[in-house]
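Just the one chain here, the form predicted alone, laid out as structure tokens.
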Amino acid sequence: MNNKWEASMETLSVGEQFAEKVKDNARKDRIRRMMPIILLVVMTAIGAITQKNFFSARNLVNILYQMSIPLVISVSLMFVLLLGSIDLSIEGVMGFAGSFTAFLVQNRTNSNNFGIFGIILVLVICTCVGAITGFIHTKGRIASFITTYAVGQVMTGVAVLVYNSTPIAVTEPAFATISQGRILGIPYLTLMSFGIFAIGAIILNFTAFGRAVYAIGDNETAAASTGINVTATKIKVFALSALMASAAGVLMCIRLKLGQSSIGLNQMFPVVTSIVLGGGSLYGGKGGALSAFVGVLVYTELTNWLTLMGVDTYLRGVIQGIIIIVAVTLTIERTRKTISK
């Protein structure tokens, strides 16, 4: 088919060839952007056909519950990935936030009982850490993956120091209420997570800050020439990323009623994969809230389906890996050469 297309192109003038290439690239881009939706429809159809309980109210609520924490983490990552950067500190920040929250609220280890003020303090501290991370990355001109990896290691270490190697069991009554409470059968934690994601989507799509993030990811030099403060925007993005990661850590602490550094373990890379699966880009400038949501939903449905099928845990990982590789191959853009900044 490509040979026929190339042969037909030879009969056209240079201007006509250019116009045809533009049309062909636009067609391919439309197909690529539709692939995540197609994957979601296919995944949902497979689940419904192979498992009669897939569309049961109980399983649908379970899917929403499973995707709640990844959705909050995706708010962190969709801003950072739009810049063409990466934030490897997310898991460390989550672990610290969960551990320090457990340390500050009512627990079995000490007499602290700061309640909501303890949670606010945790969120503020983590936001400041994110801002410092962004400052080091931009002013020190150090690659984001190196800077954030180092910060993540520091935060993990501090988390362990907070609880002195013995995880803290939380006895705060409000945590039990939130973790067990439901509205119309939907857990409070799920509703809170979706609310946080909605706020992130609004910031990205309807504010000057969100437009600046897109512009920088698409072409940093052009963005700077239009008057966008690239350094300040990047620092804000990493501060926001840490804030969202800490929110995810607090929610995990509420869910488990336990504080320890491993709260954030293996939480980040599945979300990165989900965002790319949904049509986001590691190169920057492409993706957003919709791609993040679709990707997280596809990944969660896949995990849920394999669980319902009773697939062995290790075999489940193999199947997930193969399906994800195939799916990402269908959705990613291959025309750009740079991977991350």
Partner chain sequence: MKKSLLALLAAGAMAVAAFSATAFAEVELPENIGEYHLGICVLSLDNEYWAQEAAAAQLAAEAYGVPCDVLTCNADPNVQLQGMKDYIAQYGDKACFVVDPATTANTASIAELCEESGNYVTILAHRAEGLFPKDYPHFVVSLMLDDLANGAKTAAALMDAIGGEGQVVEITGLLGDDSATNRHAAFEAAKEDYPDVEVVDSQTASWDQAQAMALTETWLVNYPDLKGIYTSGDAMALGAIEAMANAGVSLPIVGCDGTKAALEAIQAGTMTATILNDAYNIAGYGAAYAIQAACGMLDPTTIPDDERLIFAGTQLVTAENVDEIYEGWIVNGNPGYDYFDLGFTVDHYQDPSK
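Think of the rigid core as the biggest set of C-alphas that the two forms share within 1.5 Å after superposition. Positions refer to the first chain, counted from 1. As the structure is a prediction and not an experimental result, all values here were calculated from the model.
Another form exists, predicted in complex with the partner chain; not displayed. Remarks below refer to it.
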property: Residue stretch of 179-187, 129-137, 116-124, 236-244 approaching the partner chain in the predicted bound form, non-hydrogen atom distance within 4.5 Å; result: 179-187
property: The partner chain: the contacting residue among Val311, Ala48, Leu290, Ile38 in the predicted bound form [heavy atom, 4.5 Å]; result: Val311
property: Sole residue of Gly84, Gly152, Pro167, Gly210 within 4.5 Å of the partner chain in the predicted bound form, by heavy atom; result: Pro167
property: Contact flag, Ser144 vs the partner chain in the predicted bound form, heavy atom cut 4.5 Å; result: no
property: Contact flag, Val160 vs the partner chain in the predicted bound form, heavy atom cut 4.5 Å; result: yes
property: Contact flag, Ser193 vs the partner chain in the predicted bound form, heavy atom cut 4.5 Å; result: no
property: Contact flag, Ala224 vs the partner chain in the predicted bound form, heavy atom cut 4.5 Å; result: no
property: Within 4.5 Å of the partner chain in the predicted bound form, all of Thr44, Leu282 and Thr329 (non-hydrogen atom); result: no
property: Stretch 249-264: residues contacting the partner chain in the predicted bound form, 4.5 Å heavy atom cut-off; result: Met252, Arg255, Leu256, Lys257, Leu258, Gln260, Ser261, Ser262
property: Per-residue C-alpha change between this form and the one not shown, Thr313, threshold 2 Å, rigid core fit; result: yes
